[in-house]
Ligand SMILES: NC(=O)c1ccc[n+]([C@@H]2O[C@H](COP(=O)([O-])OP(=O)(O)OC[C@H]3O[C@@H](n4cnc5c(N)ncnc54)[C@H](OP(=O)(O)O)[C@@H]3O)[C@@H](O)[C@H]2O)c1
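A single chain comes next, written as structure tokens; it is the form predicted on its own.
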């Protein structure tokens, strides 16, 4: 069969032949893949930098997708850590890690939106006790997952939603998606942090896709400008596009009622993630979220691989469309 194959961690996947998968257990099934999202998590899988990487090559990247099995049902599925990913004409899934999609589901929209929306959806459902009316700051709001986080926070009834990011054009479009305020993170780090402190000092929850120095500066600024430092502030660490480590000042942890939690593979169990998928799929199918998807033939994977790092669109590879 044809697949996107990673033979070197320093190169983009190439469209070439790869052995067809085989089901080896009772709960496994072969799926004809219709659509698979090229998410940042997939890129880190393919370059060997993700914390779950085993270093084994060759591999087919892809962690989730939409497809059909022999039963004819349209499914969304998530794979465990495996070298046989979703960017292929076929893959093998554990049926227990899949859901049957609602009638009328668009495979492209589901493949594009489930992963980026899931990060904030699961975080607010499973990692914190989020209540309607609470204020949210989204750090890194101009990326695909950040834009989804604004929409998820709105759906869950957030009071204020402050969207912060570095791309002015994308930031300008976020009020239409639910942001009540925006902060442009351009210029020097100190100035950006001060703007965040002024705009988001009353946040109850921070959804952080940045980490690194920007997150540390933002944390210090938000805590410093907080009128009531006894008011709980939960910082949810989800992504690390600005750095894998952050020099958090100890005073930020002592001077305010601040807690830092992570949300991702490991900190949230597969069972907890799967429990959230049907409701999220229904919202995507209902058109609740704006989904900016770019369907692309799997044969073009090598050409579009680098585009994923430069666009807010979610590239969706389509082996069978």
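All values derive from a computational prediction rather than experimental measurement. Residue numbers count along the first chain shown, from 1.
Just so it is clear, the following notes concern the form predicted in complex with this ligand, a form of the same protein that is not shown.
Close approach of residue 134 to this ligand in the predicted bound form, 4.5 Å, heavy atom
Residue-level check for residue 134: no, no contact with this ligand.
Answer for residue 45 alone: is it within 4.5 Å of this ligand in the predicted bound form, judged on heavy atom distances?
Contact check for residue 45: no, nothing within 4.5 Å of this ligand in the predicted bound form.
Is residue 197 part of the interface with this ligand in the predicted bound form - any heavy atom within 4.5 Å?
It does not: once this ligand is placed as it appears in the predicted bound form, residue 197 has no heavy atom within 4.5 Å of it.
Contact between residue 91 and this ligand in the predicted bound form at 4.5 Å, heavy atoms?
Heavy-atom contact with this ligand at 4.5 Å: absent for residue 91.
Considering non-hydrogen atoms and a 4.5 Å limit, which listed residue (216, 193, 79, 242) is close to this ligand in the predicted bound form?
When this ligand is considered in the predicted bound form, the option within 4.5 Å is 242.
Between 179, 210, 222, 153, only one gets a heavy atom within 4.5 angstroms of this ligand in the predicted bound form; which residue is that?
None of the others qualify; the residue that does is 210.
Check, residue by residue, if 40, 143 and 146 all come within 4.5 Å of this ligand in the predicted bound form, counting heavy atoms only.
The answer is yes; 40, 143 and 146 each reach this ligand.
Which is the contacting stretch out of 232 to 240, 69 to 77, 82 to 90, 153 to 161, given heavy atoms within 4.5 Å of this ligand in the predicted bound form?
Only one stretch qualifies here: 232 to 240.
Though the partner is not shown here, which residues of 294 to 319 have a heavy atom within 4.5 Å of this ligand in the predicted bound form?
Just 314.
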